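Quick setup: one chain, the form predicted alone, written in structure tokens, and binding and motion questions come after.
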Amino acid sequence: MPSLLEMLGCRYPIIQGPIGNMNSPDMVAAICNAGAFGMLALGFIRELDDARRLIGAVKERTNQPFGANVVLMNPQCGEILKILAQSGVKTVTTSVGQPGDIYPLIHDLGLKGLHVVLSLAHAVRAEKSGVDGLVVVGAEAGGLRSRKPESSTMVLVPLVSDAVSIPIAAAGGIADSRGYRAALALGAQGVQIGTRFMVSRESGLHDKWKDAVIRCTDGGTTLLPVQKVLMTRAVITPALEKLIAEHPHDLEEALQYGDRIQAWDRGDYENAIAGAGQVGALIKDIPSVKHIIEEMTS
């Protein structure tokens, strides 16, 4: 069985968290050129030409291996996987769905796949479904979450490590060399990094979003209900704090008013949701991705 690093084919077992707002070929290539594994976020892309354009743009900027995340509930998932394989991509991550139906295609295309899991039960089922590895995401991570009770990275990673025989990458609460070393000690072969890469020089996120993360303190994020069965973790900005106080019983409905996620791209601070993991409390600067990777692996 290949190790995580063998599947990635890069210098360091550090995977870029595939955050949609960071879907920049410049960002992906910079991470690859610094020795880690850059990832495009193709999960919710519906136009196949958009996928081809993004993949081609990354290849113009780096000759290092990179990958992409695909969301299994996306009707275009299979076609996106074919485009990735044709482009020379070797490893992908899959999320939000049951992997059993898609992994025969992934393997027929000559790809390796890491499935994103939020619980021990999901990890065990994913291994039985034939996935090649796992991204094990603790409750403190940013991004979409389930509405079920979840365990922290410190608990979930060793639980999964003890229960499966395939390589795993840890995600959630990792921003520096301390978190990186801790993940390896817990049984992971590498890590997936989202929030720390969000707040970097190469990140295309709006400066106000980066500033919101830097200003985040201990306990400065919360889970917000979205998409009926999912949650997302966000920084508690003054505007969000006010919204939560005014809508204690209909927060999910209140969050639907206005284009809150895209508001960051417009700099509309009062109406935006600043997604981030709890590890934002540790982030106090905006270095290059090369500096982040070198410090993490030092």
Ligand SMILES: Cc1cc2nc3c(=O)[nH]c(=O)nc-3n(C[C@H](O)[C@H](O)[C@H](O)COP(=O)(O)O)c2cc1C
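One rule holds for the numbers: they count along the sequence shown, beginning at 1. Bear in mind that the values here come from a model prediction, so they are computed numbers and not experimental data.
There is another form of this protein, the form predicted in complex with the named molecule, and it is not shown here; the text below is about that form.
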is_contact(Ala171, the named molecule) in the predicted complex, heavy atom dist at most 4.5 Å:
yes
In the predicted complex, does Ala141 have a heavy atom within 4.5 Å of the named molecule?
yes
Val279: touches the named molecule in the predicted complex, heavy atom cutoff 4.5 angstroms
yes
Does the named molecule come within 4.5 Å of any heavy atom of Trp209 in the predicted complex?
yes
As a check of understanding, the residue in Gly9, Pro25, Gly20, Pro287 with any heavy atom within 4.5 Å of the named molecule in the predicted complex should be identified as Gly20
Sole residue of Thr91, Ser95, Ser203, Thr221 within 4.5 Å of the named molecule in the predicted complex, by heavy atom
Ser95
Per-stretch contact check against the named molecule in the predicted complex, the hit in 121-129, 222-230, 100-108, 142-150 (non-hydrogen atom, 4.5 angstroms):
142-150
May I ask you to list the residues of 57-75 that have any heavy atom within 4.5 angstroms of the named molecule in the predicted complex, in sequence order?
Asn69
